[in-house]
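One chain follows as C-alpha cells, the form predicted alone.
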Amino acid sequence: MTTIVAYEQSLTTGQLKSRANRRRLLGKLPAIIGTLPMMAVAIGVFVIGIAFTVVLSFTNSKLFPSFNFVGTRQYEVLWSTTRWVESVKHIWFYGLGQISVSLVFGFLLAVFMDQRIRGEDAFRTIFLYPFALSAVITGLIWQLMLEPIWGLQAAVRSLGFTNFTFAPLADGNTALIGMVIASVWQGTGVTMAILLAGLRGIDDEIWKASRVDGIPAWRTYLSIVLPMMRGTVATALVLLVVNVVRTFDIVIAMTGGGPGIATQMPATYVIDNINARNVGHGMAAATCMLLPIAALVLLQAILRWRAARKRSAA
C-alpha cells in the first residue's frame, strides 16, 4: 500500500489528468457502443441520402438514378417552371401564416399554463392531442369541417344564419387559409409545450424583481422573459420550419393540391416528378427545399457559438 501511495504521489499533474481522462472514457464506453447503431443509421439514411439527392440533382436521371451529369440544367428548368414558382409562393404564404400564428397562440397557451392552473395535466393533454394525430387524419377532419355542404358553414346556416359563408377550400383564392387553420390546430400544442418548458426555466427572482419594480405582467413577459427564451423560441421555430418545408400529407388529404394548383407545395411537386419518372428534376426541387432548413440550422449554430463565446469571455 505504501508503495502504491508513493507511486501516485510521484506522478505529474499531466499524468494524473491523463489517467483520469482514460477512466472517464472507459466509463462512457458502454454508452458509446450503445449509440453506434443509431449513429450508423443517421449517417446512412440522412447524411448519405442527402448527399445522394444533391448529386442526382445535377444529372438527367429519369426512371432510375444515373450519373450522366448535366450541370445546373435541372435548376434552370426548375425555376423557369410556373408550377414550381407558384408552389414556392404558396409555401411562403402557408409557412409565414402557420409559423407566426402557431408561435403567438403557443406562447399565449404557455403563459396560461404557467399560471399553475388546476387540472394542468388535463389541459396539456387536450392541447397536445392534435399533434398526436397524423397529418392525413388532421387533413381529413378539417376537410370535412370546411366542406360547405356538411361542415361549419352548413351547421351555422342550420341555426338560422342563412347568409353565413365559410368554405375556404372551395375557392382557390382562400384554400391556403383553410390549410393554415388546420396546420395551426395541429401544431400549436407542441409549440406550447416547448415554450412552457422555457417559461418554467425562468428564475423566480426575475418575477419577484419585476413585481417589486411595479412592472406589469404582460410587459415582463414581452420585455424580459421572451428575450431570455431565445434558445427555446429558436428550437420551436426550427421545428415549425421543418414541418412547413416537408408539408405533403395534409395537402393530399385536404385539397390534393387544388383547386387547380392553388395549394400546390414543393413536396407535392417533388413527388409528382419522381412518379412521372423525372428523378433528376425532382431531386433538384428537393435540394432547393433543403436549403432554407440548412440556412436556419447554420444560423442557430452560429448564434449559439457566439453566445458560448461571450459566456467564456465574461
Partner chain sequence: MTALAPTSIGVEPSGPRPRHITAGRIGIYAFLIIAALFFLLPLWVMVITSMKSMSEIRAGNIFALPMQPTLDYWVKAWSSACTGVSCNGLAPGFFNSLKITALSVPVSIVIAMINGYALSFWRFRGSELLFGILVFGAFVPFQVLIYPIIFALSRVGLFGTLPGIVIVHTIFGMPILTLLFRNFFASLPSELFKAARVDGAGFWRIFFWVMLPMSVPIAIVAVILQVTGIWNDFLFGLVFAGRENLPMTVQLNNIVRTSTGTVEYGTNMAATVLTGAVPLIVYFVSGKWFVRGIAAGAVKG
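Note that the rigid core is defined as the largest set of C-alphas that superpose within 1.5 Å between two forms. Here the structure is a predicted model, which is why all the values come from computation and not from measurement. Positions refer to the first chain, counted from 1.
The same protein also has a form predicted together with the partner chain, omitted here; what follows describes it.
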Review point. Can we say S100, A167 and A276 each have a non-hydrogen atom within 4.5 Å of the partner chain in the model of the complex?
Key: no
Exercise for review: Name the residue from L78, L109, I91, V233 that puts a heavy atom within 4.5 Å of the partner chain in the model of the complex.
Suggested key: L109
Exercise for review: Tell me the stretch among 167-175, 82-90, 68-76, 190-198 that has any heavy atom within 4.5 angstroms of the partner chain in the model of the complex.
Suggested key: 190-198
Check your understanding: Does G34 reach the partner chain in the model of the complex, with heavy atoms at most 4.5 Å apart?
Key -> yes
Review point. Is there a heavy atom of S223 lying 4.5 Å or less from a heavy atom of the partner chain in the model of the complex?
Key: no
Practice item. Tell me, yes or no, whether T53 is in contact with the partner chain in the model of the complex, where a contact means a heavy atom of each within 4.5 Å. Key: yes
Exercise for review: Report yes if any heavy atom of V212 sits within 4.5 Å of a heavy atom of the partner chain in the model of the complex; otherwise report no.
Suggested key: no
Check your understanding: If you look in the model of the complex, which residues in 81-119 sit within 4.5 Å of the partner chain (heavy atoms)?
Key -> F105, L108, L109, F112, M113, D114, Q115, R116, I117, R118
Review point. Does superposing the core leave N275 with a CA shift of 2 Å or more between the shown form and the other one?
Key: no
Practice item. Return yes or no for F52: a CA shift of at least 2 Å between the shown form and the other one, with the rigid core superposed? Key: yes
Point to revise | Per-residue C-alpha change between the shown form and the other one, A42, threshold 2 Å, rigid core fit | key: yes
